[in-house]
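In the form predicted alone, a lone chain appears below as structure tokens.
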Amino acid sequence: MTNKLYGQSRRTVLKSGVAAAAVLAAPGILRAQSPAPVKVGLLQPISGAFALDGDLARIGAEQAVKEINEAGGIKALDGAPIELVVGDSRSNAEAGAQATEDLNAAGVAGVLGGFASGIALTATQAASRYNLPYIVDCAVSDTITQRGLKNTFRFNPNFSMATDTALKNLVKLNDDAGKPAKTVALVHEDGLFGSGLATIMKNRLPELGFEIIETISHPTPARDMSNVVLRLRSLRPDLVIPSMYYNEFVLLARTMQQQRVKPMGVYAVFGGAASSYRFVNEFPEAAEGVMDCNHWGDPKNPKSAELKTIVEEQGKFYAYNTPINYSVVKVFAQALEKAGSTDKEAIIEALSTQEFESGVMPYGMSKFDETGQNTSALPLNTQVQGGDINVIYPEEFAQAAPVFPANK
């Protein structure tokens, strides 16, 4: 059974923006029992436009804490359990920075998460003022680890790493099919995440033999994709490459379906919905055949299936937020073990110099370089096939062969 004990009064919680404080302890471990719990902050969008992502991230993080505590806590700290303190970024960068300030005031040993690039940028900056260790979960902007912040580490691949993987696999996909795709339309949200990826794509795709015939940006949130899809319909690109968040991706895919816009393939990069079972279950026809290069747990690790079951037992749909936040908590717990201390400098030193098992993510051993980037982070390519999400690249993690062209 999971116990949730709130460390602050409700009035204080609401005032500070710290949405919840939870002790997830093994049965029989009492709060008053020594040693004292190690507080670990989880910064996620619990409310606002990205609340779905934050909720799935929380489930993954809580499961990791549960397992760690049931296994005896942090052994280097005399078995101290982990107490997860959840901060709500409210899906915007300014609130994310404030929630990080609140987590620091709550006495956390480090902060994990961030989700979106804009939020992770302000949150890590806020954490740096206190030399508070911070591990980013899935924000991808290269800038996050290029500011010389010694407290900041990123577990997931950045823009450049993910794009390298996505383009390598795209070329293989097209070559294996006889090179049918020659033209591309990029559709992206106009924030840090989408604009950054579009810029990289515009620089890289032509040298790989693809002609970019249009780059279309849209605001987040967007309420209508009719004009975007009408433009795609007139352009008739062989490939549509979207980079956007969940709601906008669903809107784009459904509008394309309704207007019968059927390119050879929809090849998303961090496509928001293409690696979400909510999209697959609620809009199966729009989702079928969509490919994505995204954060995704190792499908051959039994823990991946277990996490999916845990999410579904709560009446929710599984997505990448759960495995990556499960894994980030596991990495931070290892850092506590290696540091043998909750001292911030000691934890940062451990993260900077040691290697870590990567939980359920397909990263092998994770090691952060001098900028704080995990050098072994790897996105996987997925495709919606027959109402399921299958990994298609790389081969060592593949569950099925790609179907391409999806529309002949």
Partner chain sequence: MYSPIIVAEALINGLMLGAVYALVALGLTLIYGVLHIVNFAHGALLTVAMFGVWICSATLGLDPYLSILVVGPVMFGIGYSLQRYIIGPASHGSDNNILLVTLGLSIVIENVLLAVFQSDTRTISTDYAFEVIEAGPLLLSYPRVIGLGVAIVTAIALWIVLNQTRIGRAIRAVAKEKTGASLSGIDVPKIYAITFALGCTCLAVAAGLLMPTFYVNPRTGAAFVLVAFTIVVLGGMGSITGALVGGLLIGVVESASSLYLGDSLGQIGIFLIFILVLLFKPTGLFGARQ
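Positions refer to the first chain, counted from 1. All figures in this text were calculated on a predicted structure; none of them were measured in a lab.
Form predicted together with the partner chain: not shown, discussed below.
A heavy atom within 4.5 Å of the partner chain in the predicted bound form is found for exactly one of Leu208, Ala71, Leu230, Ala105: Leu230. Of the residues given (Pro180, Gly148, Pro302, Pro221), Pro221 alone sits with a heavy atom within 4.5 Å of the partner chain in the predicted bound form. Here the chain stands by itself, but in the predicted bound form one stretch of 162 to 170, 115 to 123, 334 to 342, 277 to 285, 277 to 285, has heavy atoms within 4.5 Å of the partner chain. Not displayed here, the partner chain is approached by Ala51 to within 4.5 Å at the level of heavy atoms in the predicted bound form. Contact annotation for Glu101: none of its heavy atoms lies within 4.5 Å of the partner chain in the predicted bound form. In the predicted bound form, at least one heavy atom of Asp55 sits within 4.5 Å of the partner chain. At the 4.5 Å threshold, heavy atoms of Glu248 reach the partner chain in the predicted bound form. In the predicted bound form, the residues of 242 to 264 lying within 4.5 Å of the partner chain by at least one heavy atom are, in order, Asn247, Glu248, Leu251, Arg254, Gln257, Gln258, Gln259, Arg260.
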